[in-house]
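Taking the form predicted alone, here's one chain by itself in structure tokens.
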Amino acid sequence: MKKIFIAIVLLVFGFRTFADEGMWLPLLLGEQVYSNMVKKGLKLTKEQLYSINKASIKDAVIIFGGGCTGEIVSSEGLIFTNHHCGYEAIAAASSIQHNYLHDGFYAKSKQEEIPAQGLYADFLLKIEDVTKEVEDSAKELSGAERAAKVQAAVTAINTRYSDETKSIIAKVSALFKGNQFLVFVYQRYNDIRLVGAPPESVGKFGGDTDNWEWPRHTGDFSIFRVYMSKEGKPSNYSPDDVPLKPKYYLPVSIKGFKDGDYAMIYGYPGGTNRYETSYGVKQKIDIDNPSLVTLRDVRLKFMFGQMKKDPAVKLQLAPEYANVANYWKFYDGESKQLIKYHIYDQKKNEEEKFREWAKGKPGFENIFPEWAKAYDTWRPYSKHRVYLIEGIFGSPLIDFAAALQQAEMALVKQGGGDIKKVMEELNAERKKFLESENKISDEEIVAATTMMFYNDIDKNQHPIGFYESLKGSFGNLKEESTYKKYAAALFGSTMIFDDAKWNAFNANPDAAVLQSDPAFAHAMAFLKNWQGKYFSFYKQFVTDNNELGRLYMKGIMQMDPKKTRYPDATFTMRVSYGNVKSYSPLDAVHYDYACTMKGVLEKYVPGDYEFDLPAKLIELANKKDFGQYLDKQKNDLVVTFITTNDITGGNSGSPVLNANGELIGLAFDGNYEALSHKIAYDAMYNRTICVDIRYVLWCIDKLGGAPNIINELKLVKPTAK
């Protein structure tokens, strides 16, 4: 066991690095990786980057709301993150009378800050290696037996390291596909308040058209604050709470930078699969991604059709639309880049080398034949699963109706649950559902996705009797009008929208009443068909894929133990390093490293859904009223810039730091030419798109009129000559 652990640690420490690839654990940078950072331009010590005993940069970088990164930028707990990370909280705080999404918002005092219910900030306390404990629990087991033992060990470790009374939360992360286990211990703060956000026309400037694209001119930022009790402890919201006194906060540089300067990004990248097989790449290209893109395209079309008609509907659907749209374009681009850069062939070549090495080695030589069988068994049902998740249950109504299965189980199954408690939970969920539901667009989604399932999924996999019944009542299954009539009838008669029917059911829950509800019947036809016939195939595939992936990774380590490797992203703290850098994606095309206000004005289209701008911004920009935020090299206000840093989803809102550890921007996107980055980093074209901190400050100060926020920051200004 000791030898295995040493081999894994050597992989993290590494012997050499390639390009700017790598999402490194700051705890285990190693001398070689750290030396490379210094060669790139870093001016800080390793202890300044990460320390348990002393304040360091890691203490200023937080998990923001469970899916993004944020950073502490003042001695009073001020948080910077992306606009799209704070989007749901901004929308929740908005109304037609006070539409902060549309108009922007800046608190001029702490009393004006708005509680953001449901948001939290996790601060990393420590990381410890628990590989031996987990491995000892599983011993020589494999497959489902091993997975069960590992999960039990992980749960026990999480429980042991956590302390609910002190808001301490532990999460074990499996690295190198389950060959190493680290426990990450966090302190959680639940009192988070909205401090500021630009108008949506700034924070989402360019909309879906510019999403994942460079050049980019989006002011993607928002501002929050974390509060603690007067005793200095985490607490839920209380008007008596006071701003957090952080261990460390980031200085903010308005000195600027140039092409080639050092750039470092801290954050919580959500997930990569850099050791994916050729089978997985083919599955993505052929089935998963095209299906997801097609289904999301339909949902977006119907939502957008209603949002553009009514500001109230836009406000209502904005968070869900943004969520669906973001990865609609990503998965479309990912497939194209995987094909363009021949990633499938690259994986095949790597696997051939492994096969040669594995010959005659028990535990390794049969990995790929077994993997081929696993994919062959699962592939016929894989599209079905995507069409359920992104299609059938892409409807908010049907998704909620599926949750009513809890009530059915409580009513018909012995030990199925306390029906009174279940109904209390469902009543609360129904209230939230109705607040966010747009019936017109959702009805269109149900009609379209029901027809798409019929046309695109193997008829042998259809719910028995469902489409035959639909045909008998509503008409030809090949005609769109049939599904529209069906959806209209479903929406018109379900008790989910009818308070009188719902209240009667709530007062006297009855299985027959529930089962006769058309929305519930629709959801159950598809869900039970899946659960009864096809879920077992998926479960077995996941077990096989995970186990074979673990063994493949173990073999790769043994095949080439001196090669530098970093673990896949697992939404755990990582640091990446690189440079601010321009690039040339096509023949005769060159992209500069920075975009300026000049480009913002060039894209401006009055009244456009994606490219409109506030009148005050145009006025200030035309006057070139940029104050201390002017970039003297460009003689303009720099809005965004690009770096070679290796990031992925979850890094949204991450601090972009210069060589001295000073904040120069917020990471918010990747470029279209490198959207294969979850599976393969492209050393030539990979770029991280960042909003320049000077544009953020200008929007707060000049556009937003909130110098009180600027005054909180520790600004690092150019040295006077």
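The numbering used is simple: start at 1 and walk along the sequence shown. Values in this document were obtained by computation on a predicted structure and should not be read as measured data.
Below: the form predicted together with a small molecule, not depicted.
Here the chain stands by itself, but in the model of the complex one stretch of 199 to 207, 114 to 122, 262 to 270, 96 to 104, 199 to 207, has heavy atoms within 4.5 Å of the small molecule. Proximity to the small molecule in the model of the complex, defined as a heavy atom within 4.5 Å, singles out one entry of H522, K314, H84, R296, which is H84. A heavy atom within 4.5 Å of the small molecule in the model of the complex is found for one listed residue only; from N529, Q406, S137, N326, this is N326. Contact between W212 and the small molecule in the model of the complex is found at the 4.5 Å heavy atom cutoff. Using a 4.5 Å cutoff between non-hydrogen atoms, S652 counts as a contact of the small molecule in the model of the complex. Though the partner is left out of this view, D692 does not reach within 4.5 Å of the small molecule in the model of the complex, counting heavy atoms only. Not displayed here, the small molecule is kept clear of L630 by more than 4.5 Å at the level of heavy atoms in the model of the complex.
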